[in-house]
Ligand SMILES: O=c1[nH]c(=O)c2ncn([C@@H]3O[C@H](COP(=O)(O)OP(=O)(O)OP(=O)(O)O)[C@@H](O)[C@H]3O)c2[nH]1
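The data below hold one chain only, encoded as structure tokens and taken in the form predicted on its own.
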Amino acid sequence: MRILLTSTNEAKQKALQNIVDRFYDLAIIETISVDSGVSKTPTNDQEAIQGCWNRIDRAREIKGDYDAYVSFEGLISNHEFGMFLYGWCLFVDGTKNEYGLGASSQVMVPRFISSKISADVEFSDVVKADYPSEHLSKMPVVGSNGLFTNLHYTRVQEFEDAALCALGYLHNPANVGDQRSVPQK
């Protein structure tokens, strides 16, 4: 099975590699870096999921047919209780023309970080500049949520959770007949 991951991000690659073997024998993961077409840091589920679809559409245009396509998108959301960080996974089965979506757990963002976030600012740039952690050098893999949880819940785990939810749903025989077809352009 040939799977195209729409990012070259190390955490996303590790997450997918850690999960895909549970569902497929001899899966080969290839990567391509494509733009999401949404904000650098989406602020709601709709925008993040649209970013996943955009990445897959662009990857398909560039690379052509694969057995499956995977896209991850991190986001922040604001609630009355504060700002939270989490991620989505979109897994498109190119052979069945079906897809599964899954989201991760959410991690609270410290107020001194969330107060500096705006639409024109990259979330991770604020964290790198202002978060006091001895683990900043590991940020490309552990992510901001890894820093906020002192490495107890990393970006790799975030995207593993999202991928497990997407693939688990897609591969559950009880869900056959309720699978979502990939929208046509």
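What you see is a predicted model; the values in this text were computed from it and never measured. When you see a residue number, it is the position in the sequence shown, counting from 1.
There is another form of this protein, the form predicted in complex with the named molecule, and it is not shown here; the text below is about that form.
*Asks:* Would you kindly say which of 116, 40, 152, 135 lies with a heavy atom within 4.5 Å of the named molecule in the model of the complex?
*Replies:* Exactly one listed residue reaches within 4.5 Å, namely 40.
*Asks:* Between the named molecule and 14, 54 and 69, in the model of the complex, does every residue show a non-hydrogen atom at 4.5 Å or closer?
*Replies:* Result no, not one residue of the spot touches the named molecule.
*Asks:* Can you check whether residue 9 is within 4.5 Å of the named molecule in the model of the complex, heavy atom basis?
*Replies:* Within the cut-off, so yes.
*Asks:* Please run the contact check for residue 74 against the named molecule in the model of the complex: heavy atoms, 4.5 angstroms, yes or no?
*Replies:* Residue 74 belongs to the contact set for the named molecule.
*Asks:* Hey, in the model of the complex, is residue 121 touching the named molecule, heavy atoms inside 4.5 Å?
*Replies:* Because a heavy atom of residue 121 falls inside 4.5 Å of the named molecule in the model of the complex, the answer is yes.
*Asks:* Spell out, yes or no, whether the shortest heavy atom distance between residue 144 and the named molecule in the model of the complex is within 4.5 Å.
*Replies:* Yes, residue 144 sits close enough to the named molecule in the model of the complex that at least one of its heavy atoms falls within 4.5 Å.
*Asks:* With the named molecule taken in the model of the complex, which residues across 147-167 come within 4.5 angstroms through any non-hydrogen atom?
*Replies:* Going through 147-167 in order - heavy atoms within 4.5 Å of the named molecule in the model of the complex - the hits are 155, 158, 159.
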